[in-house]
Every structure is written in C-alpha cells, then in structure tokens.
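The structure tokens that follow cover one protein chain in two forms, given apart as structure 1 and structure 2.
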Structure 1
C-alpha cells in the first residue's frame, strides 16, 4: 500500500499531472512573463551581495570616496528596481493564480457533471466535493506562495552559484557548488514517505467527509432510530484515522525541513572554516571573503526556504494528483457518443433484462415489457419491486447486465444518452427546485426555451394563472413564492413539458400529494400526455385505472399485464392489491379515511367477526405520521393494528448485534401489527414512515369488546393468531 503510494507521489513529482497541467496551461501567457521577471529579481539580489566586495576592495580599503558614492548609487538603484519589480510581479502572478485555480475548479465541476451515475454510486458525492474544495484549496494556497517559496529561491541558488564561480578560484567554486547536494540527502530519504503520508491523510479527509455527508443526508433516519451513538462512533473512528495520519504526515513533513536545515548549517560551518583559512593566508581578498560568506549564507538561506516549502509542495502534489485522477475518470461516453436518438415510432421495450445495482443482487430478473407509442402505461407493484429501476434503465442512467432496452427494436446503446434523454420529460416524487426564478426553473427543462415556450409549458401544466398571480410573476424567485406540494409538482411538470417530450416519465409524481391535489394533477397529466407516450410508475392503483396498459412488477419480474378490467378478471396479484387499496377511502384533504367492511374480510384475523365487521369498521381511527417518524418501535408494548391508507413505511428488525436490518417496505393498502389485537406482546419489529403517512388504526380494547359479542369467532381468531406466531 505505502509502496504504491510512494510510487504514485514520485510520479507526480517527476511526471507532470497531464489533466491539471492541460487546464492550467490555457492560462500560460502570464506565467511566461513571471519567470523572467523573477530571474531579474534574483540577479539584482545577487548584485547586492556582490557589491560588498567592491565596497571593501575598491572603495573602503583604498580610501576612494568617488568609487564609494558610485557603488552606493548603483546599489540604491538596484534595490529600488528589485522592489518595484517584485511588487509588479506579485500582482501579475496572483492574478494568474486566481484564473488558473478557477480554471481547475471549473474543469472539475464540468467533468463531475459528465461522470456516469455509477461513479457516484461507487464513490459518493463527498469524493468529488473534497477534490473540488479541499484539494483545490491546497493547490491554490501552494500556488500563491510558489514564486516566493520555490521559483525565486531556486533562481537565487543559480545566481549564487554563478557568483561563487566569479568570486573564488575555480576548484573552490566547484567544491562550493558540489557540497550542496550533500545537504539534500536527508530530505531525499524522507520526502517520498512524507508525500505518501500526505496522500493518505487526504484520503482520510475524504472518508470523514463521506461519513458526515451520509449522516447529514440521513438525519431523519438517525433521529428515528436514535442512532446518534452508532453514527457518532463511526464518525469518531474516521476522525481517529484522520488524526493518526495527520500526525504522521506532519511529523514526516517537518522532518524533511529539519534534516535540510541541519545539513545546511554543517555545510556552512565547513565552508566558512575553509574560506576563513584562505583569507588568513591572504589567498583571498578581504572583500572577496566577506562577499563569499554573504553569498554562501544567502545561498544556504535560499536552500532552507526551498526545504521549508517542501512539505507544502508535497501536500499540493498529492492534491494535484487527486484532482488529476478525477479528471482522468472517463466521462459518461454514452452522453455524446453514438447516433442521435430518433423520436419513438413504434415502442420502447425491455427485452429479457436482468439488472442489479450490485451485479450480484439483481433487482430486475429477465424482465420483458413493451410500451407502445402514444400509450399511457402504468407500472405498478409493491414498494421495492423494481419500478423505478425500470425507469433508470429506460433513461439509460444504468445499463442492464443482460438483455437490452430497445427503442423501435434498436438497442438504445446505439444512441447518445443526451439525445435519448432530450426526448423524455421526467417528473419525480420530490421535485427539486433550484434557487432561481420560476421562469428559470421551468427553463431548466430546455435551456434555449423562449419566454413564450416557458409560458406555454406552464399553461399545459395548469400553473400559469397561479404564476401570474405572484407579485413578480414569472420572475418571482421560487424561494419567495410559498408553493404547495401540488404547485411544486406543476412547476416540475412544466419543466418536463417545455422540452415537448415524446415520452413523459412519471415516478410516483403525485404520491406525496393529498387526494384532491393528486386527482387534479393526474387530470392535468392526462391532458398533457395526449399525443405523447406516458410511463407512470406508482404504487397507488386508484390513479391508473384508465391506463391503456398496466404492468405489474413483483420482485423484479413482470408478473401480470393488461388493462385494469382484464387484470381484475385475472384475479391475481393486481386484483389482490386492488382489493386491499380499494376498500379504503380517503377524505379530499387526506386527513381522514374510512374502511369498508368488505376490506376487513381480507384479513384472516378479522374475517371470523363476519357479522360484526360493519361495526368494527367504525372503530378505526386515523393517525398521521411524518416522514422519518417511528410508528411502532421494536420492544415497545403494542395495542394497535395498522392499515396504511397512504404512504410508504419500512419495517426493520434489530439483530442481536444491535444492527437494524430492513425486512421490507409496506405501502397503501398494506397492514401491520395485527398480533397486538389479541395479546399484550412487545412489537417484534420497528416500523418507520418513509414518506408522510396516513393510517387507520384499531385498538385492542375496541377489538376485544367486539370479540366478546361473537363468542364462536374467538376460537377462530386465536387459531389464526397462533398460526401467525408460529410462522413469523
């Protein structure tokens, strides 16, 4: 591991990072100016030290006042010139740094948009973020100081060596030059390890950021399960790794500097001893001796500055490498590669598709389906059955492991994803609105849409009148307009429609809305979908009764398909789901609900109460839960049975190790907690609302009161409960 990293860092130091260099090179004109300017500065600096020799040998010792004045005048002019140049060069250079760093940031950001979805699935967004923020910040900080800590001292070293040649007999000059590399032996040994340590430190920073990202994104779940300690422990572990690596990287970095400084002092002492002896023997003039000591001293100082800058150079090199790695990641080649996708003429289809986000765990298994052009096709099925995954494949966010997605019979891999997706309009359950005006939010669907196009789309989404009623109309920032869930969805629909898509893709587009808004928006979608192919994913069957075709998914397989009527007649999966949902009616505002007695018959524990079901139905009371809320907690005493009217919940069970494991998801029409109707037993799993939920609940007291009046039913109910217990 360390071996590989050492090599990696050495690579950066010897072989330039091509991608970053390419980006920075676009700004090279100014840089071409900075180098000669810095060289001039170093030369003037050299003149300063050389002047001691002339001052002493030509003016002070011979007592020549005119020479003294002339030398001092030249000296003053050189100092003023060097200072002026340095000020100007600093300004020019810092401006270059600002542009170069902006170019690197922009390159990373652009490239990040073009990375395939799978890159983020594998690395998380913290990966790109840390490269964009902390790595570029390292590069920036280093670049700002680079002229003064690297370029200038390096040039000063060259000038100083030239001066040695001028001042000393050649054999001594050569010795004086060759002795310096000795001072660099220490750093050479330590520097590669320091570089590797810096790279590891940054990897640990990314890991820490990843932990934080994940925890912040999941804060509701963390609250719901009270995972503070577990999450804190993970963060602390990542923090521990980071601290250890920081300490190691810091130790090695300072060691690089320390070893250099010590070696330089040793070299200095040796050189001064030799030169002092020469001057004593009168083989060196007094002026030359003093000039030599000054040159040697400033040469040593330049090398110390270089050594001091080594740690930040090493750290910046590690950062540059990380940025380079990201820029080297192949972009989603499918985006622009391939033919332009044609408008759909016949159908969009999945042909024997097997697909898993993790190839070892397929979520779609040999699924085949056909969506005819112009049809309104619904994809239904339990939560987690793979509905959204079908859409991910149709839009080619992912690619199947087996089989193909076909547009008019042709594998969509032939087409560029850009042109393919341009034919589609998407509306998801939670629509993201950006902090921009209403108009710009709609225009995101097609950036070259005119104001008239935006307005037409808003009309089709039936939100135009509302928008014009806003204080600044289409220019109102979405943050200033208080939008209801329905209005947000309508803006998202307008965004999808502004590209006049041949295919309208709806993923639970109305699932989060109350029934009135849901019905209204579904009607809008029907009108907007005329002349288009519409693919609507939903777990709520009431909204798709009149679909041209309903595809029923279960565990990643298409198990049934047909119209609503045909599927009911089939009396299979769909009919069962339908009966469970249809027996429950929700009030228009979504706050209350009622269950029909026939619906209760579907539950084996309630069924024995036959004659009493009408009364039992009236005993159900509504209960709401916000997304993230724990509805029942494992281990708590339970005294209620739940029917899910609307919403999605997850069922999790804590393992003996304390780790929660997701058992499954339940949604509209599903039930849980029936055993609590008979006995006061602790809940055997935790149920958490994933979306805002509405339940109908029945208490044990109410159930037992009715059971009292139906003595023959009691034995049946007990038998069902025993069977349930044995089964679970």
Structure 2
C-alpha cells in the first residue's frame, strides 16, 4: 500500500470535518439524551457483571435465599427499566439520524446550486451526485450503527475499567488496565493498511460506476454499432479490478479483527492465570474471581467490537471528508450582493477583456466589442475561438481576469447577478426539460408568471397549437423522451420569453436540429427577438446572414465585424468560412448531404483535379456519428478523407506519457484526413464527435481511381502532400 494512501487515511481520521459537523450540530440537542442513556445501558451491563460477586459471596455460598431473591429482584427491575429506556433511545436516535442526514443532503444540494460554473466545468455534475448519494449513504449507515458499534463499546470499556479498580487492589487494577494497550499492537500495525485498501476499493467502485454510467448513457451508440462485446470487456476489466481490491480490503479488515481477538485471548489467559492464583491463595473471593473474569471478558469483547468498526469508520470518514470538501468550496462570489441592474439604454460591451478557464491559457485576449441595444448581433468563428466565453462573461457565469464587461459603460460586477440575469432570456443548445408539465416547464423562466403569461410565451415560441393538441394541454407531463428536438427547443424559447427579457441570448440554439427544424426555429427566434437585443453564438453561418452585426472571433480576438455582405466583400476570415460551408447542401432530415465541385476546389490537394471534381463530388458518402463516438483513432489505418457537414469534433493526440492532449476542435465546413487519400499511414490523432455529427467521406480507393484518369494532376497532388507533411 502506498504511503500516499496511508497518509490519506490518517488525514480523514485526524482532520475534523467542520462543515459537516456544523450541519449535523444543528440537530445536536437529542444527543444530550442519547449519550446519558447509552451510559446507563453500559452501567447496567457492568452491574450485571458485578452481581456475580454478590450472588456468589452473599447469597449462594452463605445459603441466604432472602439475599438471593432480593438481588435477583433488583436485577430484574433494573433490566426491565433499562430495556424500556434503550428502546426509547433507539427510536429517538434513529429519528435524529434521519434529520441529520437530511440536513447534510440539503446542505450539499443548496451549496451545489451556489457553486460557480467553473466548478462543474472542472469536476462535472457526477462529482456532486456521488457525494450527495453514495458518500452520504456511507455517513448514514455509520451513524445508524454508531451507538452499538462505537458509543456503547467505548462506554463499556470505561465502566469495565472502573469495575477493575473496585474488584482488585489498586496496584493490580492499574496493571490490568495498562495491559490492554498490548492487545492493540497488532491492529495498530495492520489498520492503516486495511484503511488504505478500503480507500482503494472505494476508488474502484467509483470507476466501475463510471463505466456503467457511460455505457447506459450511450446505449443507442452501443446498439447501433454492435459494441456489446467491447463495452462488456471494459466493464469486466473494471469489475476485475474492483474484485481484486475488494478481496484485499476484506482480507486486511478481517486481519485487523483477528489480530485483535488473538491479542485479547493472550491478555485474558494471562489475567486468568494471575486472578486464579490470587483466588487459590484466598486473596480473592470466589465471587470476586468470577466477576473479575467476566469483566475482563466484557472488556475484551468491547474492544473487539471497536476493532470491527474501524474499517467502516475509515470508509465513512473518507466519505465525510469528500462531503466536507464540497461544502468548503467557495460559493460563486457573483451570486451575492450588488445593486439592481438597470435596463439597457445604450449597449453591452467587452472592454479589453482577457479571460481563460485556466488563467494560464487565455481564451479571450484583450477582446473589445460592443453590442448595441435592440440589435441582432451574431458571434461567429472557429471552434475554440472564444464565442461561448463571451456569453459566459455577459451573463457573469465567469469573471474576466483583465478588463471589464460593461452595461451602458458601468462594470457589471457592481450589479447583482439575480437582477442582471432577470433581464436576459437564455436558449442553449441542450434544451433541458424537467419532469413536470408543459406549464411548469415554461414557468421556470419566471416563477410568478400567470397562466396567461405562460400561454403568451408559448404563442410567441409558436408551440401553442401543439400544446393544446396534447391530452391534457398545458398540464400534460413532458420529458426529453416524449418530444422532438424542435419541440423541446420551442419550449426552451417559451421559457426564455416568459420573463419578457430585454436581451435574448442564443448559444448554438439550433445546432442539434435538422435543417427543416433549424430553419423554422430560426424564423421563430427572429420574430421573437424584435424589439430585443439578440446575441447569437453559432458556427453555422447560414443562420445569421440577416444579422445587424456579425462579430468574427479567432484565437480570442475580434478580427472582423460588419454585416454579412460587408464581410463577404472584405474577402477575409468570414468569407473563407462562408465558402467552406456554403458549398454543402443538407437534406431536410439531416441524414444526407451533397458537396458542390466549387467547394472541393478550396482544398489544395483536390484542386489539381479541376476537371474531375464533378465526378469526385458524387463519390462522397454520408456518415453519421453520435456525440461521444470516436470517428478515427490515433494509430488506426487511415483510408478516408472527412468533410464535416454539421457538428463539432475534438482532435486529440496521445503523448508519450499516455495522456491525450487536445489539439483543437473542428466544426461545419472543416476537413481532416486528406493525407489518407494518398498514403496508407496510421492516423496521427484521434477525432471524437463532441456533438451529433454528419460527415461526407471520400475513400482512398475512389480518389486514386480518379487520379489514375488524370496523370498530370498526380504530380501536383503529391507535391501538396509533401508540403503538408513537411509542415506538420
């Protein structure tokens, strides 16, 4: 077991989880009853043990029946009373545990809502979910058993030591008390290793659940590509790791208990030998001898129970530490304080903003832009250029490292986020629906909206007729599975419009829709945006040709701005992006596409085949990829060229250390894999679909067959390929 894990176990046992303790302490009043009642039960157990001395020495040996009856009557009354109090204590304690655990879960949930967006970007929502469920479950299970496995045995040890002092001469009593630490030598050696093994077991359980979650979320991809065996192999590998760690943790946990029991047996044999000799020499009465042996046995058993609780204590302590770490995370400072944000009179603007999710790697660099009040402004650019970051800053999901975001010239950090966002309506690419009715899903945009407000927003989103056709109209329960992508997005638009926002924020709002639904939604958004400031981030240029202002980002800077016509006339960044996208047409259902010969001329490797580009265009084959699917894998044979029709992909390359490094992202109109058309070489990077994607692909066989018909062009193509290889 590594020293790092051993230190981690010691850390969770020695550093108090003050945030969790603070939450649990709100329900601490009941402990004022539980602890005394537990002590009463431990004292009763000690009294029963001590009764052996009085029964033997004062009733049985002298033959005094009256004393026998009196002692037994006192014991019976004490047992009945203590049992009743114990039952009542357990009932009260379990209720306390339920309230305390509920308070912890509530604290986690409430705090999670106030964490900054950056926390979820770094950890994911699954991190919070695991702490809210499995970690709190460990705490709950340990608390439920804490009285019987920790509190009562500990109190019994104290009572037993007090009885030793009573039964023996003080010198022998002290010796008897001091000998017990010898029984803990074995567990002291093994316990850190057992705790560390439990820590690793928990990590393996998390990894196994991660594999299961990933497979369940991607069940459509698994079915579509018959990946049952491959996914099963990954799950079995994780399961094998967990089984091995579970076996090791179980073996060490058992060893902790076994070493404790063996040590206790040795101590007890020594104690019996000493006490037996004293009784033989008549220095100890028979009753005192029996009581002493019973006390020693009770002490040993209490220590065994404590030893058995150690592994569960370590696991629970690790879970509590994870919960405490979450509660210790600072809440989003932007969520509290500030003046009320005024209505926009002039503009929203970025003023010399530098920003990065990792401060050492800026996404925006000294970016300045102005969004006039009432204008329809589109922000475009390659993937990773900083488009969505602009929206994150305008909504104060993040703060800039340098510069300022300004509302009518004032830094928006002076305003409360609640009032700032109340003036904005958001439509994201992923239209989240809650398990609720249509009415309640729309009303989430403004909780005090009336039924008339909800209906008006639905009409503006042009989904009212569909809603009224549902079995229960606006009261019909809906979910992501019961509605089409276009219907879900229209509900998201209605949710944004119900708050009558001055600013409508659209973050790739139609990227996941087929062309027909996309065109319809865009028309709705244009109508809904009249009289409002509309800010649309997109990588699909055909949706923003009528924007009042188009801002073009590259590498975190505004490189061009103007209307669609003006930017085409510049023949710069925007014009190049337009030509790459405009030469591709997509079918209405979004499943197939065609590329024009003029579009193929933009690729230097294909340009020499000018006379054959019409034929070449017919050789492209459509291929779809679901979000998360690996399109090409580094090291696999390359035999195909890809043209991205719709969607976003991530390009990564594995380093010698085995860790992948993201090289960039590609989107509509971008290409990859040209060299595979000429050479049978392995892929030098992995390309993964970030969203649902549609590609047009050209095989090497089709390309070479056409190249054979144009021998003069081959030399030019080879020259371009050599130049590409030299520059890569």
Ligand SMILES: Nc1ncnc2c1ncn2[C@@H]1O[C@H](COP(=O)(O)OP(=O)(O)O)[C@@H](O)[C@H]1O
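Keep in mind that what you see is a predicted model, and the values were worked out from it rather than measured. Residue numbers count along the first chain shown, from 1. Under this definition, the rigid core comprises the largest set of C-alpha atoms superposing within 1.5 Å between the forms.
- Remark: the form predicted in complex with this ligand is the source of structure 1; structure 2 originates elsewhere.
- In the core-superposed comparison between the two structures, the C-alpha atom of residue 324 has shifted by at least 2 angstroms.
- Taking the rigid core as fixed, one finds a CA shift for residue 645 smaller than 2 Å between the two structures.
- Superposed on the core, the two forms differ at residue 138: its CA moves 2 Å or more between the two structures.
- For residue 105, the Cα shift between the two structures is 5.1 Å when the rigid core is held fixed in the overlay.
- Core-based superposition between the two structures puts the Cα shift at residue 114 at 3.5 Å.
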